[in-house]
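Single chain ahead, by itself, as structure tokens, in the form predicted on its own.
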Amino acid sequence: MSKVTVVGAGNVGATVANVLAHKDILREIVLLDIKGDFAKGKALDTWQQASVDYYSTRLTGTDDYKDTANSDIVVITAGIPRKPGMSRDDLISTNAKIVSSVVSSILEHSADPIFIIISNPLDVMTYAAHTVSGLPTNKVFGMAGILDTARYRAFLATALSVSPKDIQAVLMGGHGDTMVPLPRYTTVAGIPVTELIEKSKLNAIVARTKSGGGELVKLMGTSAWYAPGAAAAQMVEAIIKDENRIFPCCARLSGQHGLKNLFLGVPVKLGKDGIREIIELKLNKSETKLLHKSADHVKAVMKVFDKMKMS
């Protein structure tokens, strides 16, 4: 069994650790936060839950990177959360410094871990982590598409009065308002969604999905955590079990869809080595145009990071 470190013991990080503990597939989970007692408390609380929910995963809370030694996978949630009226892009300066520092500190104690980035703005934080780490691109990627797809599926399940279990969907592009939902690749128990819902309602659901994170920020005053935490845990599980599951993740493109040298949401195959393959869908002209528009937005924010000269 393996060791996973989750950096950031806030709502998202604590949820990642808790969901992973329940899966009972790991030897140890380390929950690290600059507020050490806070991390220790979250870890202890989840450990005390073990006998109730029947799992054996050990949890350690800490503020010392030495405790993360020999981690197989590192999930980074650290950073300031998005507040009402704040875009993901507003977070770049502060969170880039945090993510870069975390990656460097982890690599002092773990030689070749897989990094899963959740910190916002997601696409550029993944780029920052890759730039600082120097690791192969299959080992540094971001969690976004699974969360965005989960929101899309939830809205569709409500509209159609069906179980979200039966809905399969793909989204691409940046994590935010320029994401690209793909109704053409959306099915309900194998039935194309376009046969089950009228176009205007589907378009409304697509629009709601694009602003799904902002909707929750307005409702709660901070970013979501249950769905993002569960989504990251699902990625960890696919890697640990070497499942070769296909998920939309933020990965570095090297020519797919005419795009390269940027991190963007695309379908990938996840296994024990991280990203085994980037799956290039056959997009039509309209979908390609939307994807390139999203890529342009991500590139603009990447330039902000590059000007910081942190690598």
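One-based numbering along the sequence shown. Everything numeric here is computed off the predicted structure, so don't read it as measured data.
The protein also exists as the form predicted in complex with adenosine-5-diphosphoribose (APR); that form is not presented, and the subsequent description refers to it.
- Under a 4.5 angstroms non-hydrogen atom cutoff, adenosine-5-diphosphoribose (APR) in the predicted complex lacks Val124 among its neighbouring residues.
- Contact annotation: Ile80 falls within 4.5 Å of adenosine-5-diphosphoribose (APR) in the predicted complex, judged by heavy atom distances.
- Among heavy atoms of Asn11, some come within 4.5 Å of adenosine-5-diphosphoribose (APR) in the predicted complex.
- Not displayed here, adenosine-5-diphosphoribose (APR) is approached by Lys35 to within 4.5 Å at the level of heavy atoms in the predicted complex.
- The candidate spot formed by Ile98, Val102 and Ile118 lies fully in contact with adenosine-5-diphosphoribose (APR) in the predicted complex, as each residue has a heavy atom within 4.5 Å of it.
- Just one listed stretch, out of 70 to 78, 186 to 194, 163 to 171, 107 to 115, contacts adenosine-5-diphosphoribose (APR) in the predicted complex at the 4.5 Å heavy atom level, and that stretch is 70 to 78.
- Exactly one listed residue, out of Gln234, Ser133, Ser223, Thr149, brings a non-hydrogen atom to within 4.5 Å of adenosine-5-diphosphoribose (APR) in the predicted complex: Ser223.
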